[in-house]
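Quick heads-up: it's one chain on its own, the form predicted on its own, in structure tokens.
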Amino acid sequence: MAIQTSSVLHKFSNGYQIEFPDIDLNTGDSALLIGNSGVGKTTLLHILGGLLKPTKGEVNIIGESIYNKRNADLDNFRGHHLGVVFQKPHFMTSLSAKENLELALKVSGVRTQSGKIEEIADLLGISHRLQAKVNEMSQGELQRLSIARACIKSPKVLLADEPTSALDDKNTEEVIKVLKDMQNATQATLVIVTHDARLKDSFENVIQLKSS
């Protein structure tokens, strides 16, 4: 089982709490977690990504209970096995696209074969922009670079937060195709959290998040 959660609940400092549905996904599965604003989509993504410990419940990723790990062990696990495409990616603007990808590998502690960066960039159609500074890249190119950064270490689980927000239909289809192509290339389990109802037809596993 790639992702398995049970009775996950998160309580915020203001007392508001959200209960999440249980999730069971096998290796290679893809799923859409969909819901309106305020239902905790990003909170759940952070919980699945090892970034936010839930108040209650169990989170197992590739067979390991991640929140029973010590902080250093969780950091190491996350660096090696989880890739996250954030809604608003941040890059080092003084570095080139390639240098940002090299930095991501260094920080995660993952060693990869020579040519991996070029291979991923080619799959995403940005190999010709690897030497460009990120502040010289378009928003579409930055989005693809964000996907490259999440996939460069061949994660077991790939998470994406609102990857199609503010995109037209054509670019939405293109981004979903790119994510699925990268999922297949890395044999990852893909989870997308979104409010975008256009994506429902692209996924067999659709989990509706609702207000508690």
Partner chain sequence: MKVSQVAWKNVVSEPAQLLLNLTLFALGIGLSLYLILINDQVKQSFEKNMAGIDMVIGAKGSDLQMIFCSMYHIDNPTGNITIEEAKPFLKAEHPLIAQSVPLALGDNYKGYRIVGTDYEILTLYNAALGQGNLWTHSGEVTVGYAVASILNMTIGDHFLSSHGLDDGEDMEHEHKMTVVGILEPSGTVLDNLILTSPYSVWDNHSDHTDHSDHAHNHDDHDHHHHHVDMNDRDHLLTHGDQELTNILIKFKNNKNFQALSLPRNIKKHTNMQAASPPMILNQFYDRMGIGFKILSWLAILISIVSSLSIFISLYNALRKRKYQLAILRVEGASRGFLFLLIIVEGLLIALIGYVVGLVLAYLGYIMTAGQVRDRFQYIWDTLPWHPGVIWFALIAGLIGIIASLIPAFSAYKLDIHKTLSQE
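Numbering follows the first chain given and starts at 1. Model, not experiment: these values are computed from the prediction.
In what follows, reference is made to the form predicted together with the partner chain, a form of this protein that is not presented.
Proximity of residue 43 to the partner chain in the predicted complex falls within the 4.5 Å heavy atom cutoff.
Contact check for residue 185: every heavy atom lies farther than 4.5 Å from the partner chain in the predicted complex. Residue 166 falls outside the set of residues with a heavy atom inside 4.5 Å of the partner chain in the predicted complex. The closest non-hydrogen atom of residue 132 lies beyond 4.5 Å of the partner chain in the predicted complex. Using a 4.5 Å cut-off to the partner chain in the predicted complex, each of 79, 94 and 102 places a heavy atom inside that distance. Heavy atoms within 4.5 Å of the partner chain in the predicted complex map, among the stretches 170-178, 58-66, 147-155, 27-35, onto 147-155 alone.
The contact with the partner chain in the predicted complex, taken as any heavy atom within 4.5 Å, belongs to 84 out of 117, 123, 84, 142.
Residues of 44-64 placing a heavy atom within 4.5 Å of the partner chain in the predicted complex, in sequence order: 46, 51, 52.
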